[in-house]
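This document starts with two versions of one protein chain, written out as structure tokens and named structure 1 and structure 2.
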Structure 1
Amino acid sequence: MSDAKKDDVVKATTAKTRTPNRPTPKLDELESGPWPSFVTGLKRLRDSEQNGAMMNDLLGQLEHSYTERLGYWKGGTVSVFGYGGGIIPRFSEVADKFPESKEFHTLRVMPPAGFHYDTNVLRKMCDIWERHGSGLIAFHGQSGDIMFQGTTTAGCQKAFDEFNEIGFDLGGAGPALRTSMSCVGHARCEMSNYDEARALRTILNDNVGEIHRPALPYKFKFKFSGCPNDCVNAIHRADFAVIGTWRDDMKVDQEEVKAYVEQVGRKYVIDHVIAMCPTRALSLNDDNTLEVENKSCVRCMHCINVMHKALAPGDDKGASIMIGGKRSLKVGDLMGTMIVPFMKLETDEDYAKLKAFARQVIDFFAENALEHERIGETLDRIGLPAFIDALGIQPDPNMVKHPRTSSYVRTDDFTDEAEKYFARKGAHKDGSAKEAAE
């Protein structure tokens, strides 16, 4: 702790001799109104002994941005011993005007899966970041990191060492496996179809090297949602989205259905539950019970969301895996695409299978993607048939909206492929029902 004390002295001295408060007329306007103000928080830090000098100049630079309508940070290379990523370096381009905040780096720190904290650990984080950083923290960044914003190059190692000692580790940055997010799921939600936190930690902690030492063609993100409501936005934002679902019939408590109909009326239920089913799989019987055509149900969650006391996912639970979601840069937004319609997630073996598949996809990406190419772009470049072939996955009608509409394809092995399909299904060619053994 002697280092920390030395820091305190240095900071306190700086605070005494620092420049007067920077005027912030524009930012001041963001202190009024009913929503909590980040500006008021920045000023509290400015007025503190420990972080005052740095935050005074930070406020000065931010006000300068509000006036000139331009940003003034540039990147660089800063990391901690043993790692190649996890720090977002920021050097000021206007350090001549605002010298105390000339270095304002961020530590990306991975949160507990599901964003659970107790006040004890939050207070420890505050103490560490007050000692070695600006005192400004975001819960959380868009990838899910706790973002400890604003420290010097020297402060990065000191802060990291202390965070690391209380059980926290740096997240991803650059062309690496990135920090992940999972929904509240099993911890508090009846819609949950698998143990999201377990899946997240199983995959991420099996690949910490890929997080800490950027060596992939580009970033790679996993996200975990327990049901198709997809509360962590996995399908848009994750290269590998794990979204909970179930295979058997959804559960219907007919007494609760009747109670709900009683409460809101038949017309409301017909208009807002039955008619809003995207596959017309629901029907309200004359006795106010619900009929479900489970073979047509696409597990969209709408009726369960509305009647959550009466309806619930089934018992045969697991997840769908969608690959290739990403934001705009540079080919435009891509939506995750169904690659594994169902993977059972219940036993240790099931999670081991998920871990192995995740590793296989990361390896495929590392070996086959071009530089600065996300896996969704790789999928587009090589086509879905080559993509699933490389991963050893068989084609499945759940992968498409509809079969191809273009005739420009060589089909001379169609008969062989059809044989394989029937063999997989364990069904007879004449279509007579014989369900797959698996």
Structure 2
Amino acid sequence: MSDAKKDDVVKATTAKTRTPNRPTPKLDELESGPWPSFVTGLKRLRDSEQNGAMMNDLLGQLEHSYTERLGYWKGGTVSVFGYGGGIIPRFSEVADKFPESKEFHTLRVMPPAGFHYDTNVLRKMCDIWERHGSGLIAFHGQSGDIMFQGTTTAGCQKAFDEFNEIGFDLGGAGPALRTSMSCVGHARCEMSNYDEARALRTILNDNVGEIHRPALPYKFKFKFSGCPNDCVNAIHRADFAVIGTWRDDMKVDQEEVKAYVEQVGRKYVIDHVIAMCPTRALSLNDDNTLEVENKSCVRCMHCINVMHKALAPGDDKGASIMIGGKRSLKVGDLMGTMIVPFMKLETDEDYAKLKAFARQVIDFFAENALEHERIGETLDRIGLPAFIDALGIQPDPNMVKHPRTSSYVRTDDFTDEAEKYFARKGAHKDGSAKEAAE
């Protein structure tokens, strides 16, 4: 008899001989509101033949936690052959009361770029997890992983082997490179400014060893968004955020502008588009055409989102790279700091440069960050000048936050540096001193 069939027999036998359904009066209250409850899903798994015993005791432990107002899970170490991360160990501290859920580990599995699946793959995933786990799956965790929640220590290796056979790999856990995310991007979105899926695979394939063999001071995340709408929350959740942008003028179809104004009225356009521009870069002319002061545009995407037939990103497309976004840790929440204002991402050479820069940033983080410190906190600790000097990047006015209101930046000094920047930029356009400009 195969291992899979043995597992099925054991689970079926357990389901028939398990304890009666645990009483869950407090959890039942969570099903009484107007919104769908996760408790309903857990009960549905509890009533299944394959996973019922584990989910029954899981519900019992959760009810116990609600009653005592304490969590009863502890960590530990669980891994599969060849991988140092990707599994979140959970051992119950009340295993004597709820023995069937004494181990409830989670496998983090990397999704395909842009979250593209077909139904055949989804069915295979569900079958694997019903055989070796609880059947509980989350698409997706905050880091982008497919979260296969609830299995035993022995089940981790069996499940991973089968996931690996259908082409999936474990995501990161612990002080390592974590699962990368990209938006659906150019596959389906007209706002895309580069090939997000290619960028993700380029970076991930080059650094996959940092996922399998955790050796960083702490976690490190890549996220790729095709435009400033930032659908994968890269700017405030990624250590290395690649955000699609453009550096020429926004495209305007004046006939579509007029049609939109005629449809919704001038007042609506003024109130919901013109007045909402954060830099007052838009104005509506008397003939219902739109005037755009592109030098003031900060690519917030609001006007394009509202008037998506009339407005579109420019033609000179690329990406901005921001470093250091994260949630609270030693330092509070941080948005990414602009490090590379614009990088073309079209040719093989462009993607090779992106790959080299990503490797450079990871190496800097590995060598200079303190233990349990994100790169945003390293940047906060050592300062932006030291960081860009170490990476060999030319200073750029786009890197400075609120220069006119900062007590540490004198207006005259900032203006002088800005003039140097524009001189370098002009030299680059003329084809001379190209290396200095880069």
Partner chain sequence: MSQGTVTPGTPAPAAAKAPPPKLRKPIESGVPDPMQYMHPIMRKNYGNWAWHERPRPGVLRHVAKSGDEIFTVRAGTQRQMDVGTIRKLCDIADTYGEGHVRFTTRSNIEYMVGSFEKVPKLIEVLTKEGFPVGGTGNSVSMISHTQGWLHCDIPGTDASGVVKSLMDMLHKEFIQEDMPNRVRITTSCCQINCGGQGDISINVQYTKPPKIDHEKVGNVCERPSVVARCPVAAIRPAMVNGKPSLEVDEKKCVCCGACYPPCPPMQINSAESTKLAIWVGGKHSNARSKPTFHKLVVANLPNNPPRWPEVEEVVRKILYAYKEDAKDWERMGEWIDRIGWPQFFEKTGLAFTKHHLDTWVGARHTMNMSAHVRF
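Here, rigid core means the biggest group of C-alpha atoms that superpose within 1.5 Å across both forms. Start at 1 and count along the sequence of structure 1; that gives the residue numbers used here. From a predicted model like this one, the values you see are computed outputs, not experimental measurements.
Taken from the structure described as the form predicted on its own is structure 2, whereas structure 1 is drawn from elsewhere.
With the core held fixed between structures 1 and 2, Gly392 has its Cα displaced by under 2 Å. When two forms of a protein are overlaid on their rigid core, residues whose CA moves 2 Å or more are considered shifted, and Glu371 is not one of them between structures 1 and 2. After superposing the rigid core, the C-alpha of Pro36 moves by 2 Å or more between structures 1 and 2.
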